[in-house]
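As a starting point, one isolated chain is supplied in structure tokens, in the form predicted on its own.
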């Protein structure tokens, strides 16, 4: 009976559409902003190699499990878990898995939109020549002034949320599918253009060597844990997005092969972004381990002092905005799908209501950088608290429970029928990793930040 389920929201037109959509969900600020700077902070090539190993160990097995759950249920994550619990007779507490993912995705969007608004602002600033000829201190001051101005942050946060609302309100086929079919090819094209620009610098070889030369003497346990954590978060695991996208996946599409393609494209974007960024950083004599300021201070400084920097700097921030946009639409989709299913309301109305709520909650993040900067609870601003709650608690727990539910609780015949793995060795290997190695890895991702925060 479960094989006959059809999502009321629609089905992706093809396997490749799902690949583009899931890659769009996975490719975001984490690939273009966070991956380059944590690579810079942790020694380059050796870190990349450990990161790739962690993608194989934790990312791919759990992503396969999350897609599998979505295609089994063909509903929002909340209703998918409710139906699976009912059909399989498993404990009712497993229904919470759908709620945790959907709520986490919604909460992430509330502050993700604010940060994405920074990139929108930088498209304007870079295009108007604001950074031309500016030194690092001046560029840093421009960024500080942006954060200190609540009206500016509110404007860009609002504009980005309108962009998200317009896409999601139009539905799976006319909205999400059409958006990813346009955004993802443009994103790849912009990346290629930026790498071409990086090739014209005198430091491309140095940037390439930094990214791919493996020197394990530069690796530390802390760097390995950072690689493990980023491997989990980069694929959008545990936030309901991949599960709901899986519910729109055609039945004939191979879950294993499709997830491998998504993971490969997501990783490729991160590596190519590094190839675009590090030569520009090195050619300006700047530090590759510049931390979070790499994208909003170091790179604008570099682009502002290079030939054709204004043009390619603008293209870079358009790229960042596209990546953030494709991720953001997936963050709100699980909640929108549930509201449509639960209250039988028009999708447009559900989207407007939820996006307005996300915008409103996002005001806390807007003010965390200025008016409410001194208002903290246990040392957390609103932004810090939301980020810590979702990234360090909700997402790892959701990923852990996905692995445990599919690996230990969901009947094997359902799992095998969805995966359709003809080679039993591959199935046994995946199941072993999902049942033992992946949960252990996620527990490490979960426990270490909590220990460092409260006991370190």
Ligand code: PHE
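Positions refer to the first chain, counted from 1. Being a predicted model, the structure only gives us computed values, none of them experimental. C-alpha atoms forming the largest set that superposes within 1.5 Å between two forms make up the rigid core.
Heads up, the form predicted in complex with phenylalanine (PHE) isn't pictured, but that's what we're talking about next.
None of 239 to 247, 296 to 304, 196 to 204, 256 to 264 except one has non-hydrogen atoms within 4.5 angstroms of phenylalanine (PHE) in the predicted complex; the exception is 239 to 247.
Although the partner is absent here, residue 17 is not a contact residue: none of its heavy atoms lies within 4.5 angstroms of phenylalanine (PHE) in the predicted complex. Contact annotation for residue 28: at least one heavy atom lies within 4.5 Å of phenylalanine (PHE) in the predicted complex. Using a 4.5 angstroms limit between non-hydrogen atoms, residue 112 touches phenylalanine (PHE) in the predicted complex.
Within 4.5 Å of some heavy atom of phenylalanine (PHE) in the predicted complex lies at least one heavy atom of residue 233. Between the options 351, 327, 76, 121, the residue in contact with phenylalanine (PHE) in the predicted complex by a heavy atom within 4.5 angstroms is 327. Between the options 126, 161, 116, 331, the residue in contact with phenylalanine (PHE) in the predicted complex by a heavy atom within 4.5 angstroms is 331. Remark: with the core as the superposition reference, the CA shift of residue 232 between this form and the one not shown reaches 2 Å or more. Residue displacement note: residue 267 has its CA displaced by at least 2 Å between this form and the one not shown (rigid core superposed).
Core-superposed comparison between this form and the one not shown: the C-alpha position of residue 120 differs by less than 2 Å.
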